[in-house]
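So this first bit is one chain, no partners, the form predicted on its own, shown in structure tokens.
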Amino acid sequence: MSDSRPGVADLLGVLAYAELTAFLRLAEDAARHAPTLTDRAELGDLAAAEYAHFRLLRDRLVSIGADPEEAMAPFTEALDGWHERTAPNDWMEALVKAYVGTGIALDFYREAAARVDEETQALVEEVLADEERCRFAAERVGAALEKDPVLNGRLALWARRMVGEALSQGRRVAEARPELAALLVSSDGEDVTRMFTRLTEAHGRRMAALGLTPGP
């Protein structure tokens, strides 16, 4: 194992499994819910990008002397459970999950990455970039809301559920892996509450990008 800060293998492991499961779930949602072949192809492109991210993370784990299988194993139950509890029922719910629900979970990992070595931090930032996901989801959801404004209430409620489940997942992961949790506490004594405030604020910006009205 390299001299990387404790918790780095955990961070890379949870991200690697998150990206692997995102690839599998996006591909499944594309096949099951996409209304057109164009939509299926575009969501498939996003799935392929997630798999490319998984490979980068897997290779980084190997480079620091960690076994990818062992690094990912502690997080499979939490992440699989999140996906099972947030399985979308239709195309719009799939898009909101892909952007809002997954986005807040990735923000959680970005907070942890702020306190690791520069090489790992740069890799995590590359993996967590979501510009294409933002564009794709915002276009599709925005067009649907313009056509049928009544969708706003249902999708806003669904987005709030995504956030609750994602924050619950984040707390569960942090409690199970203390070295990863330590990455969430800054050297100046900032507590986790302030971090969750930032996550909630980022969620509000994502809701606005989709044209959804944030709820309480």
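All figures in this text were calculated on a predicted structure; none of them were measured in a lab. Residue indices: 1-based, along the sequence shown.
There is another form of the same protein, the form predicted in complex with another copy of the chain; it is not shown, and what comes next is about it.
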field: Listed residue that, although another copy of the chain is not shown, lies within 4.5 Å of it in the predicted bound form (heavy atoms), from Ala31, Leu157, Val62, Ala182
entry: Ala31
Stretch in contact in the predicted bound form with another copy of the chain, which is absent here, among 160-168, 173-181, 53-61, 146-154 (heavy atoms within 4.5 Å): 53-61
query: Would another copy of the chain be touched by all three of Val116, Ala202 and Ala208 in the predicted bound form, meaning a heavy atom each within 4.5 Å?
result: no
message: Phe196 versus another copy of the chain, in the predicted bound form: is there a non-hydrogen atom within 4.5 Å?
response: no
- prompt: in the predicted bound form, does Ala87 have a heavy atom within 4.5 Å of another copy of the chain?
  reply: no
- request: Indicate whether Ala27 is a 4.5 Å heavy atom neighbour of another copy of the chain in the predicted bound form.
  value: yes
Exercise: Ala66 in contact with another copy of the chain in the predicted bound form, heavy atom 4.5 Å: no
query: Judged by heavy atom distances of 4.5 Å or less, which residues of 36-63 approach another copy of the chain in the predicted bound form?
result: Thr36, Leu37, Thr38, Arg40, Ala41, Gly44, Asp45, Ala47, Ala48, Tyr51, Phe54, Arg55, Arg58
